[in-house]
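Before any questions on how it binds or moves, here is one chain, the form predicted on its own, in structure tokens.
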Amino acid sequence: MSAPARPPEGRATSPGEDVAQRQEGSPVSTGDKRIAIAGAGIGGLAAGLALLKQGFDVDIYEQAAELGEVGAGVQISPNGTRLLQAWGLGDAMFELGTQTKGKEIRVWNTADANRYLELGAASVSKYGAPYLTFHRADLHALLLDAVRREKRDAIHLNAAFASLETADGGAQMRLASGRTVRADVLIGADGVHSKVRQSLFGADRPRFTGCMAWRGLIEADRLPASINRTGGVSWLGPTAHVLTYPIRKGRMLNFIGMVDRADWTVESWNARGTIEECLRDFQGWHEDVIAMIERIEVPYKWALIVRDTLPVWVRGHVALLGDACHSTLPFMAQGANMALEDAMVLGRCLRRTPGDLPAALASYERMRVERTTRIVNESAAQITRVHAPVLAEAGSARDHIQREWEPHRVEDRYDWVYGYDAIEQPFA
């Protein structure tokens, strides 16, 4: 794969530029304000980096004994990469990320193709930032290194959140070890099963969609030449679909196969399946799909669960971020991007009014709830486009794809997502 073209510098004028330099002045110093973050995943690290860049003292508390991410891919669209650039990570993101050429649709059993979205240089030209794909571990390491450059000892391991406690003029949490942590603000970035969310708003009501996902990585040099290694490909079928895209400069292909199945309801990225079971779910599919499944290193099973969107993320000095408040189905590839956006907006709001932190958190909530709710809802609605009975027959499949991926419909579906700039959004 050829080296990616670098985007125009735009708003990020140099790799080390601090985004705070381009924002409103603050009448109150941020350096004496301590922020505690529960969770050191992509969202928690992004929030930590954004707040450290704004001058806050940040500590991140992670339940795991060591840091790492599952072996899976993640897509960072222009609304996310523009933020990595603004945090001074432009060069590093190009070194670790893969700039794909575009996206195409293929019919599940015939491989008939239809290109529907140009990326690469076209993404930079249209949206002002690139579209990159990553191994999740690489993106996680990128953010972790950036946080530690800002504050070497910011990360605390074996530090699981246990409960919220009353604190006048701040936030206080008790860890599973019994230790109490007090901060001016607590951010719950502890993922889809967030204990901070449950402490604030009670137990959630997860609902199984009737759909599960297979995830795995494939070494690209083991694949037949007919398989696209340079862009994203969605194979659409009547009751399932497959998404693939390159990571690590095309050396690996990320595979996600989503299938209607009611017998697997475990919401975990670490549950192993078998190649044989995955093949049974895709019987009758094109030989290229079968070839990919046969070469998956380790297939993981993941039940697709939905939760009602939260209209409220904040209570006093405590706020939620990322999957903790807007977990989403993967059909628009926006989970990680929304977390990056949250982090940027949170940092801007807290820097703007550090003398009134509850008001700053309320502003953050107002700026983010409508957009994230729309993404969650439209992601859920996408399933009817990619799992459709009309895809069973070649003629009706062609009509369905031509209608649903007509250029204006594609623009309506994606432009408002990719063109969003969390750095420039007006305060609310």
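Counting begins at 1, following the sequence as shown. In this text, all values refer to a predicted model and were calculated from it rather than measured experimentally.
FYI, the form predicted in complex with a small molecule isn't displayed, but the following is about it.
Comment: the small molecule is not present in this chain, but in the predicted bound form one of Gly231, Pro358, Gly128, Gly191 has a heavy atom within 4.5 Å of it, namely Gly191. Think of it this way: in the predicted bound form, the small molecule has a heavy atom of just one of Thr98, Gln75, Thr244, Gln85 within 4.5 Å, and the residue is Gln75. Screening 399-407, 40-48, 384-392, 361-369 for residues having heavy atoms within 4.5 Å of the small molecule in the predicted bound form returns a single hit, 40-48.
Taking the partner from the other structure, the small molecule in the predicted bound form has no heavy atom within 4.5 Å of any heavy atom of Leu186.
When the small molecule is considered in the predicted bound form, Ser123 lies well away from it, no heavy atom lying within 4.5 Å. Contact between Ala159 and the small molecule in the predicted bound form is found at the 4.5 Å heavy atom cutoff. By the criterion of a heavy atom within 4.5 Å, Arg215 is counted among the residues contacting the small molecule in the predicted bound form.
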